[in-house]
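In structure tokens, one chain follows: the form predicted alone.
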């Protein structure tokens, strides 16, 4: 099943500048795997060495933070929107 994935500006260099792409998968983990297949290098800055998402990477499925759902195993449905949002700090 295809879902829409909203791409943050910092990762658009991997998607030829596209701010939204379609990805296949039944969970967030599968969606990220498909994005890596479609856009080589896309996930290299998303994961820590232990395979978990880096703490500053936020992913939402229909505006729900996956950390409060099933994390990377959060299921997705057709027509869901997955948003990848790196935290930004500064002052």
Partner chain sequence: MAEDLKCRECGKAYSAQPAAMCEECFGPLEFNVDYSQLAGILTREKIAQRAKNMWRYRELLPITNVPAPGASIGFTPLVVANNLAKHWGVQELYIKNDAVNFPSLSFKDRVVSVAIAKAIDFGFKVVGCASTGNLANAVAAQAAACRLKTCILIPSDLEPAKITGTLIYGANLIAVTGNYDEVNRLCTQIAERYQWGFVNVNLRPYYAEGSKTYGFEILEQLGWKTPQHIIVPMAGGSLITKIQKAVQEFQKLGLIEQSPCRIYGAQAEGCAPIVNMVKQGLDRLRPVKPNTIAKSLAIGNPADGIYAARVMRQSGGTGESATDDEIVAGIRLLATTEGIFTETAGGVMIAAAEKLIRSGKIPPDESIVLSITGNGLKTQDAITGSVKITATIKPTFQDFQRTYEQGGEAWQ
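Positions refer to the first chain, counted from 1. Because the structure is a prediction, the values reported are computed rather than measured.
Beyond the structure shown, there is the form predicted in complex with the partner chain, which is absent from this document and is the topic of what follows.
Interface membership of residue 7, the partner chain in the predicted bound form, 4.5 Å heavy atom rule: Answer yes; at least one heavy atom of residue 7 falls within 4.5 Å of the partner chain in the predicted bound form.
Any non-hydrogen atom of residue 39 within 4.5 angstroms of the partner chain in the predicted bound form: Outside the cut-off, so no.
Could you tell me if residue 11 has a non-hydrogen atom within 4.5 Å of the partner chain in the predicted bound form? Residue 11 belongs to the contact set for the partner chain.
How about residue 73: is it within 4.5 Å of the partner chain in the predicted bound form, going by heavy atoms? No, residue 73 stays farther than 4.5 Å from the partner chain in the predicted bound form.
Taking heavy atoms and a 4.5 Å limit, what residues of 58-87 are near the partner chain in the predicted bound form? Those in contact are 58, 60, 63, 64, 65, 67, 68, 71, 83, 85, 86, 87.
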